[in-house]
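Just one chain is shown here, as structure tokens, and it is the form predicted on its own.
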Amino acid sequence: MTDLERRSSDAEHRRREILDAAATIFARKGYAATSIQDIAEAVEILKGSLYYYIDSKEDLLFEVIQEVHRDGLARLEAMRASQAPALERLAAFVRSHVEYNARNLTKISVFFHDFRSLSPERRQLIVEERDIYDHHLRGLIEQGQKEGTICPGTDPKMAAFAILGMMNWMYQWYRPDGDKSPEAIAEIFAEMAVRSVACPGRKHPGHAG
């Protein structure tokens, strides 16, 4: 590794530390109540030195929130290749989302508490990315209706809102030291989501492993 590569790697590692520290403090205090000095102290550098890595506090908030969406879209891209029936894909979608939320409580908390602290332009970017995710879930429900496994009277938009709400609210109550693992909760939620939209009496593979 050259000196330039080493310096670049060190700078990236330091920036990662700053982002993680910012996310932790935002989650604990809230974005508005967090100061640049708080973040600088958390990573043990001078306040002025922090601006070597960022231009503003909002840059940190935007990157934390955008990371949640980048991760979600990456998982979504991997799932899109599946040719499984819609209910199986719905269950897989829920498992993936719930496990991610459980393992990334800090970032998820920041997203839901402080999303509206972003500038209108940055909020719009996040909304556009979120819509891709939402539309995929609605598409799974519509596909299940075409396959005959999801009731035709189900409103895909409302069903998607309900499933996302159920999954996203877990950041309020889930505790890593609780009696259920992320995998166990993901399986329970996947089965609940499938049962909420599947036509009664129809055999479905929605909670298959």
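Counting begins at 1, following the sequence as shown. The structure displayed is predicted, hence computed values, not measured ones.
Unshown form predicted in complex with another copy of the chain; subsequent notes refer to it.
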(message) If contact means a heavy atom within 4.5 Å, which one of 66-74, 156-164, 52-60, 37-45 is the stretch that engages another copy of the chain in the predicted complex?
(response) 156-164
(request) Indicate whether another copy of the chain has at least one heavy atom within 4.5 Å of a heavy atom of Asp114 in the predicted complex. (result) yes
(request) Decide whether Gly30 counts as a contact residue for another copy of the chain in the predicted complex under a heavy atom distance cut-off of 4.5 Å. (result) yes
(request) Answer for Val197 alone: is it within 4.5 Å of another copy of the chain in the predicted complex, judged on heavy atom distances? (result) yes
(message) Taking another copy of the chain as it sits in the predicted complex, is Lys180 near enough to touch it, meaning that at least one heavy atom pair lies within 4.5 angstroms?
(response) yes
(request) Scan 165-193 and write down, in order along the chain, each residue with a heavy atom lying within 4.5 Å of another copy of the chain in the predicted complex. (result) Gly165, Met166, Asn168, Trp169, Tyr171, Gln172, Trp173, Asp179, Lys180, Ile185, Ile188, Phe189, Met192
